[in-house]
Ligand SMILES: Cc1cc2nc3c(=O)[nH]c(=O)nc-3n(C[C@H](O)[C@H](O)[C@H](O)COP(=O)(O)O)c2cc1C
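Okay, so here's just one chain, in structure tokens, the form predicted on its own.
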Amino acid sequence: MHKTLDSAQFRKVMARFVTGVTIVTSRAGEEVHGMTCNAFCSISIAPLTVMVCLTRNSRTERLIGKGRVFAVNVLSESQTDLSDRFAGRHKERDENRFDGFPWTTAVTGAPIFKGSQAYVDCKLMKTFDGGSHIIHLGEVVAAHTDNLKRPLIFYQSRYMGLASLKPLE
């Protein structure tokens, strides 16, 4: 007989799923914000579409609704400090999470971090209710990769790099 599933057990199970680490950023006028996110995936190649899921009513989620644009920065191994700050782990930096981290823009004006291994720049297409989260679909209007960077990986609530993982034979 199975016991009732609780949120702690659910989190433990989900921690077994290896994910990349991204920072989703947005802009509305001069206001910019962003947050660390691992709920990101590609959806379609016609049109080029990605999905991000963000905490309902978070500052970044509201800014996407206001500005109707977002960028997904796929972080590299060297960007754990950036990920931590945008995950809200540095409360003293929460007002200006971008301070000290160089960034630029592509097409939409959403911030793109230097040193990331890849990014997609998107115009908001659709938004869906996802319970505690909001699901945003974005049409990709620009993208870039840096083939010299290696990915930042998140597994069992810890950062890892490819060197931490054993190759398959």
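Start at 1 and count along the sequence shown; that's the residue number. Keep in mind that this is a model prediction, so the values were computed, not measured.
The same protein also exists as the form predicted in complex with the ligand; that form is not shown, yet it is the one meant from here on.
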property	result
Close approach of His90 to the ligand in the predicted complex, 4.5 Å, heavy atom	no
Heavy atom of Arg27 within 4.5 Å of the ligand in the predicted complex	no
Contact label in the predicted complex: Met35 to the ligand, heavy atom within 4.5 Å	yes
4.5 angstroms heavy atom contact with the ligand in the predicted complex for Thr105	no
Thr49, Val74 and Phe128 each touching the ligand in the predicted complex (heavy atom, 4.5 Å)	no
Stretch from 107-115, 56-64, 139-147, 120-128 whose residues place a heavy atom within 4.5 Å of the ligand in the predicted complex	56-64
Members of 132-147 lying within 4.5 angstroms of the ligand, judged by heavy atom, in the predicted complex	His133
